[in-house]
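As structure tokens, one chain now follows by itself in the form predicted alone.
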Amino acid sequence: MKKILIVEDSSAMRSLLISTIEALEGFEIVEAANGFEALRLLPRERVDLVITDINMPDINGLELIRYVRNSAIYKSIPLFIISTESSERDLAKGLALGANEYLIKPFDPADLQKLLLKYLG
């Protein structure tokens, strides 16, 4: 079973992501409410993919991506950004830091499911 780490400060958005992922079979979900929590979870959980928001308290999503991509242990984990930040500059910055995919809120759950199957299916 593949494990996905969701890093999102909005509990409503985490619930939407979880229900979207749970509609597929074969995925286990771990949740973090911010980047700081994600950094505490990563050494304890072997995750196969990270989905993160950008705008979060403490450590934001871009800082989390920078950490993951600079880590010898986690640098190859697929990483998706799901954010309200939708400018070309935001997309370019997220992808340049090493995100594999960038979805803009509100997103189509089917698009997320297709990407999950592409990377983990």
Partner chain sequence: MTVSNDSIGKAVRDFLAEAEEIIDQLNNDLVSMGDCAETGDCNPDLINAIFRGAHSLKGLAGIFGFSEIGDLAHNMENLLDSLRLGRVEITPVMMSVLFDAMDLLGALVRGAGEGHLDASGIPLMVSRINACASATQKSQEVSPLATLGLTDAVLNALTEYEEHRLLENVKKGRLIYSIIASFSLTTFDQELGELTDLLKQGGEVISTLPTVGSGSEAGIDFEILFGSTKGEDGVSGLSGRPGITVRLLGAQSTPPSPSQPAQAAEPPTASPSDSAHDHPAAALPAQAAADAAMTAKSMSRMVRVDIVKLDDLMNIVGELVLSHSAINELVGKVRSSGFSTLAIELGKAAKVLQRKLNELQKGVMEIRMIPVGQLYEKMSRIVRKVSREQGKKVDLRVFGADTELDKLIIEDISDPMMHIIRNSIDHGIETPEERVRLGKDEKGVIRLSSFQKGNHVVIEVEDDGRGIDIARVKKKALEKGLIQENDPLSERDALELIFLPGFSTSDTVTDISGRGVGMDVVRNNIAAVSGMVDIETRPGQGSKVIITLPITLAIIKALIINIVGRTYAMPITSVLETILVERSDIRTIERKEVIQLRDMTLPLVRLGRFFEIEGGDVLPESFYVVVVGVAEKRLGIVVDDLLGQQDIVIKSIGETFKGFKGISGAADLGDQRTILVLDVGGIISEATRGSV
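Numbering follows the first chain given and starts at 1. Quick caveat, the model's predicted, so the values are computed rather than measured.
Omitted here: the form predicted together with its partner chain. The next part is about that form.
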- Message: Under a 4.5 Å heavy atom criterion, is G26 part of the interface with its partner chain in the model of the complex?
- Response: no
Using 4.5 Å between non-hydrogen atoms, is L39 touching its partner chain in the model of the complex? yes
* **Partner proximity in the model of the complex: S76 to its partner chain, non-hydrogen atom cutoff 4.5 Å** => no
Practice prompt. Answer yes if any heavy atom of P109 is within 4.5 Å of a heavy atom of its partner chain in the model of the complex; otherwise answer no.
Written response: yes
